[in-house]
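A single chain, nothing else alongside it, follows as structure tokens in the form predicted on its own.
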Amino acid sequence: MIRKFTFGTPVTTDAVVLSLPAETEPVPFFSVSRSGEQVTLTRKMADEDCLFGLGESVRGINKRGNLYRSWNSDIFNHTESVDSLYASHNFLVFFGPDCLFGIYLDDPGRITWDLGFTRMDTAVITSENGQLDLYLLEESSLTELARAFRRLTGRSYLPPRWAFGYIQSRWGYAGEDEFRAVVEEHRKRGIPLDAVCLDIDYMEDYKNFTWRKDTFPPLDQFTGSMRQEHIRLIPIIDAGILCQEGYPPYDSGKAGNCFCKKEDGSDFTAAVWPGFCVFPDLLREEVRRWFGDLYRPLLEAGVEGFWNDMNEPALFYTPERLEEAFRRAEEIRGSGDYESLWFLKDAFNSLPNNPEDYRSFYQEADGRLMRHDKVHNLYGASMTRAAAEAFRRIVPEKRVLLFSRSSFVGAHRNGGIWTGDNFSWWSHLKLVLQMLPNLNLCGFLFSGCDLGGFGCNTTEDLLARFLQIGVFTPLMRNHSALHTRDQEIFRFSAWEQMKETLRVRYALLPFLYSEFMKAALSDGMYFRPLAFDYPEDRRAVHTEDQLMLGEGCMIAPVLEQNASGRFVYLPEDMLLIRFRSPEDYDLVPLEKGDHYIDLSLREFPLFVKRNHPVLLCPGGEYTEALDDHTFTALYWADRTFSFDLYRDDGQDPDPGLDSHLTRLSLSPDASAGPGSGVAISPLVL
């Protein structure tokens, strides 16, 4: 059951696809109060209540005990003290012995989620705008709550199948020679690779929708020659458009009155990578169409995937804020006292993404001008929407890869996301694991992190463990920052073992793609907290470092430096597959309970429920070389069982589910160990 409650006059966000009548208060489960523009929801919580959701945010899978804010922010340092990251996913599930419901706040402004931070027994949720639709979802299980939310907000984005291949990326690939060298090293060493990302270095002076002719051949020639190597190019697109007459995107946008305005009607400007930029007013349909059509030349030149960045929108500084900082610096100059020097530091540290700047410009929403901060969290989602709508117009017959840094619920229908500028920290290895199920709960199934870490210098063991998580994430991209250690796999002495980790990914790829597509097309979840499968098992409910995957698998990666294994809790009997390569693995049946699993740096585990298979195919160095007709099935069975494998062409933008399922029947009679029920069974489809 889904119920809707409306406060004030909400902005249309495009997050919800289900039309429902609004009910009058009271809102079940909460007390509601108002103060000025704010609306606050308050609920007492029992000791055992858990909170799942909020998508991309720091800390654990269970969000209880901390304070979070929905405010899309360009945050470079994802520590536990950060209360908001790049996205706002305002869906929260309350789960406990005496409660099971979810709430979604369709509000693009700032929301504070005090989830036991002030008082451990109280949740206090405050909308600063006070203009919102609140949806209350009640179902019989956590799984059905997730499905209900997807019915409310729409089906998750479907990427092309090749996008499940390995992607190499780095800020700093500035010319053709570097790209070809990266591809050549992968190919000559047999390291699988499907795509290479182009960061801002490919642009002329960092200007969107331009192409450096001094270091690259014509784009259509470059994409063509890369495709001969079975490599796709994935360029970055930023939100800001340089203020420069003679620059076609600026000229056409200016002529069409497409940019966000200041209160006096002039174009709002702020510095980003190319210099002072204007920002498309992407809440307007005609502006989204104009902006989306800017992708057309890239698509026509053979580009099949994009990543949208800097779209919170990120602001380095505005002219007004910079002038104010210099004014304050002049006031402080020569004072010499310690306290004044702190003010000097703050004057310049407060330049990027200053809240006053977001309150100083306007967008048109529902036919009326609104101050940007009231609709701020929609900006990145609107950029994703503009691109996706253009792809459906320009290449309606195929799926185009699209993933974004900033997002809002609704963007999950148009693209995936990556979790932003993480660091080469072991804590961020655990952070991505804990983000994944809550992202899935909010609809963002196609997701992943910068493997190895974007900032800082990765280490060989950290990259190896990042890749082992990446084997199972739909988006598997190694990405790093300029001026950090080169972290392509072939740079390391253990590259051959990292190669074997990637070969496992490719052997599993048709199986993982099948699990992803079945989840997406049935409004399910690819990753889930253990509580979704074992709601009565208190240990499972409170497990924070293991995830359910697909219909019958569980992952429990190594997350600690120098660890040669880890403890795992099994909520039921499971088969341990300990991978070293696609051909070298152990199959160990384990009973329900606690186990210590030995896992050297070259090993990583996958756990599988009884009577569920894992399928390996003959691998290749790119997705098109995979043989998805021949499989080896690994399973632990105590009866004959069936399994549905999803297969399609990887491009159909609107595939059906049932028409692409192949029913497999598997039996314990094929056991490699008589009487054990553990099987290694060949399949030919």
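What you see is a predicted model; the values in this text were computed from it and never measured. The numbering used is simple: start at 1 and walk along the sequence shown.
The same protein has a further form, the form predicted in complex with a further copy of the same chain, not shown here; the description that follows concerns it.
Of the residues Arg155, Arg485, Arg296, Arg610, just one reaches a further copy of the same chain in the model of the complex with a heavy atom at 4.5 Å or closer; this is Arg485. Scanning Tyr534, Trp273, Phe101, Phe490 against a further copy of the same chain in the model of the complex with a 4.5 Å heavy atom cut-off leaves one residue, Trp273. Among heavy atoms of Val375, none comes within 4.5 Å of a further copy of the same chain in the model of the complex. Though the partner is left out of this view, Thr623 does not reach within 4.5 Å of a further copy of the same chain in the model of the complex, counting heavy atoms only.
At the 4.5 Å threshold, heavy atoms of Thr459 reach a further copy of the same chain in the model of the complex. At the 4.5 Å threshold, heavy atoms of Lys262 stay clear of a further copy of the same chain in the model of the complex, well away from it. In plain terms, the part of the chain that comes close to a further copy of the same chain in the model of the complex, with a heavy atom within 4.5 Å, is 59 to 67 out of 59 to 67, 27 to 35, 614 to 622, 636 to 644. No residue in the set Phe179, Phe472 and Asp584 has a non-hydrogen atom no more than 4.5 Å from a further copy of the same chain in the model of the complex. In the model of the complex, a further copy of the same chain lies within 4.5 angstroms of at least one heavy atom of each of the following residues of 80 to 113: Glu80, Ser81, in sequence order.
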